[in-house]
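Given next, in structure tokens, is a single chain: the form predicted on its own.
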Amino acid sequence: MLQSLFDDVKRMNKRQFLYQVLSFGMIVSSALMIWKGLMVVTESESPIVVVLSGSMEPAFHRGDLLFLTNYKDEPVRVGEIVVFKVEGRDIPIVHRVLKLHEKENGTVKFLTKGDNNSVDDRGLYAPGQLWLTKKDVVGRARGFLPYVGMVTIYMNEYPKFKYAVLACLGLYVLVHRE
């Protein structure tokens, strides 16, 4: 089967091959434009995230795909599910707001906790940080698709699987002539 794919590529003339490469480039650039458009509309640096652990069960399970917004004028509320980044950690965390701490000058700080965790998130925050602020928030969960993100998890946990999927997709785009 793999040999027949290579034979198909060899049989293409240069113009067909260039057309397929350009088509692949258009698909990739379209995906990037859609992503950037979602960032603008949702005001979130990451409008879609995958839940990576079971800390939010039963609300969200590992592999659920979350849709986020991060509108600056909306206040943070207790019970709301937020996605936040902590200094020193690259991966955002999905947890529920547990407590609010409002100061007289109008600043709001809050504490989070995973629904399935026994303690709050202070142990996850940066050293010396006891509360989160709005600048730590990547977005707020507005909807989800169950288990759709498992593909992303498998691709990160099994790099060979990721390269195989990407290679198959690339070959398909190059060989597919429609």
Partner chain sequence: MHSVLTRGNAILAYSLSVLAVLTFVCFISTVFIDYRTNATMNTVKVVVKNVADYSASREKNDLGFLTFDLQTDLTHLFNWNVKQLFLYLTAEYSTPNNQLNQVVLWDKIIQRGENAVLDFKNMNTKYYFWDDGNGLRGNQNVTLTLSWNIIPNAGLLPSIFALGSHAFRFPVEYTTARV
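Between two forms, the rigid core is defined as the largest C-alpha subset superposing within 1.5 Å. These numbers come from a predicted model, not from an experiment. Positions refer to the first chain, counted from 1.
A second form of this protein, the form predicted in complex with the partner chain, is not displayed here; the remarks below concern that form.
- In the predicted complex, at least one heavy atom of D115 sits within 4.5 Å of a heavy atom of the partner chain.
- Not displayed here, the partner chain is kept clear of Y125 by more than 4.5 Å at the level of heavy atoms in the predicted complex.
- Using a 4.5 angstroms threshold between heavy atoms, A59 counts as touching the partner chain in the predicted complex.
- In the predicted complex, the partner chain sits beyond 4.5 Å of every heavy atom of V137.
- With the partner chain omitted here, the record of contacts in the predicted complex names 51 to 59 of 25 to 33, 51 to 59, 38 to 46, 149 to 157, defined by a heavy atom within 4.5 Å.
- Although the partner chain is not shown here, in the predicted complex the stretch 137 to 154 places heavy atoms of A141, R142, G143, F144, L145, P146 within 4.5 Å of it, in sequence order.
- The two forms, fitted on the rigid core, differ between the shown form and the other one by less than 2 Å at the CA of K99.
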